[in-house]
Structure formats: structure tokens, C-alpha cells
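Single chain ahead, by itself, as C-alpha cells, in the form predicted on its own.
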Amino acid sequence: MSILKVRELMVFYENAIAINNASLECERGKITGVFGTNSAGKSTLMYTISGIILDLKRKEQMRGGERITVLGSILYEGEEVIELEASVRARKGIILCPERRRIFQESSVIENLRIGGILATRQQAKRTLEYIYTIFPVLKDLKNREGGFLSGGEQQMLAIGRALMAQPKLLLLDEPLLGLSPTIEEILTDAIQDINTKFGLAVLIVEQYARPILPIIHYGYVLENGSAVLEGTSEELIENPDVKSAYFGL
């Protein structure tokens, strides 16, 4: 059963099209992947599902910048949410872990995590924090260090932990492996699988670097020029000759 259904989604920045009639679904308790090169529309897709695109649209209108237009349908748990603000979607359980981490650089690790859990109950926050320290034990050791002094991998762990503190039902991960070493990639992919299994969370990952992510997804899509041009299970995508050529160099 799908927790998210995106139907005929279109996003324009002025006269340039970023998302072109894209449709996809995320099932409850499953990991869904969306893969594409730079400028394929991956981050715009995440901004639109999370509602951040509405904030960007409003800011552009206020400063007389480019006009942003969003068309189509986003059904979350059977409810149309395409016009709901990001904060409302977050309270409903749609939580984005953004590209390039976006942690609070001058706040400590524990402060970042507590900010993420502002809407959680005390019991939820305590339980989630304990879990975060089990999958990312380095964060417990560094809990009093400012975010800006963490390595890129540690910042990504913190960003995912902060998103978990918000008690997501649908966790959106925007390029979580960007610029990280193979060792950190393995830690993060193992953690994503554990999060999916332990909490039964629906996880939507968009990623340019597909090689480490393809094996852990249940279903995936390939995005080109804002359109979903391929889809299938993990096995089907890995065996697809076009995917092999684009992402595995075979």
C-alpha cells in the first residue's frame, strides 16, 4: 500500500521546466530510490514533496524574482497535500533530510538533535536519541561538539539523526552520499536499511551516485530532464543495460 503517490507533477522556474509530468509512488515500509544526473530535477522533486518549494515560491514573489509554478497531485496517506505548507507536511510526518546536510553549524550535536525533536514527546525524543547513538555511535562521543567542526560524514549522520528526531512517517533523503568516502557510504547505507527495518519507515532517497544505493532499495525510478524514464525493482534496474551503462560503466 502506497503512503505517497505523485501524479503528473510539473514544476516550472519561470519558463524552464524542472519536473516534467513525473509520477511515482512510495510504499509503506519500503525504500524507494530516484536516480539521475545533475539537473535531472532530483532536489526540485524533494522540495516539492516536502513543501519547501512553496517557501521558495513565496520568497521569489516577494523579491520580484523568477516565477515558480507547481502543477499536478501529491497524495500522502490518501490526502492531497500539494498546497499544504512545509511545516504542516512535517507535522503529518513528511520529513526532509536536505542535500548538503544544512545542519546548524554553531550549535552542538545534541542541540541539533533536540531542535529536530521539537515536536516529539519526551518519550519519543529519548527513545529516538538512544537509537541514533546506536547506529551512529560517533555522535554520542561528539555530542557537545559544534556542528561546524564535524567532518562531512559526521555532519551527514547528524542530519539523518536530526530528521529521525522529527518522528517521520516518510523520510526524504536528498543525496545523502554526496562527497563522502566509501567507508562512510557503507555506514550510511547500513543505517538507512536499519532505520527502514526497525521503524518500518517509508524512505525516499534521491541520489546521483546510484551504485551503493541500488542494492538496498525495493523499487526505483530513473529521472532524466525532470521525467521518470525508467522504473523497476532493485534487481530490474541493476540488470537494465541502460542503468548499467549510466551508473556502473558497463
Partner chain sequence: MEIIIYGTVNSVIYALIAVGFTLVYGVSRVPNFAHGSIYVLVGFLTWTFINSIHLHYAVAIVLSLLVASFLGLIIYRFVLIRLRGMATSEIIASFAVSLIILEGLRLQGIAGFKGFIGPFYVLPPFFQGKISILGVFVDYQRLIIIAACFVLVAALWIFTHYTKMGLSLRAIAQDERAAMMLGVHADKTAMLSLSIGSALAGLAAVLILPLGNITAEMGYKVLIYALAVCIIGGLGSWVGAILAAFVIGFAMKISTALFGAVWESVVLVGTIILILLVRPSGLLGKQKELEERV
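Numbering follows the first chain given and starts at 1. Keep in mind the model is a prediction, meaning the values are calculated, not measured.
The same protein also has a form predicted in complex with the partner chain, omitted here; what follows describes it.
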Does the 4.5 Å heavy atom contact test between residue 75 and the partner chain in the predicted complex come out positive? no
4.5 Å heavy atom contact, residue 55 to the partner chain in the predicted complex: yes
May I ask you to state whether residue 107 is within 4.5 Å of the partner chain in the predicted complex, using heavy atom distances? yes
With heavy atoms only and a cut-off of 4.5 Å, decide whether residue 59 touches the partner chain in the predicted complex. yes
From the list 130, 141, 79, 85, which entry has a heavy atom within 4.5 Å of the partner chain in the predicted complex? 85
In the predicted complex, the one of 157, 166, 177, 170 near the partner chain [non-hydrogen atom within 4.5 angstroms]: 166
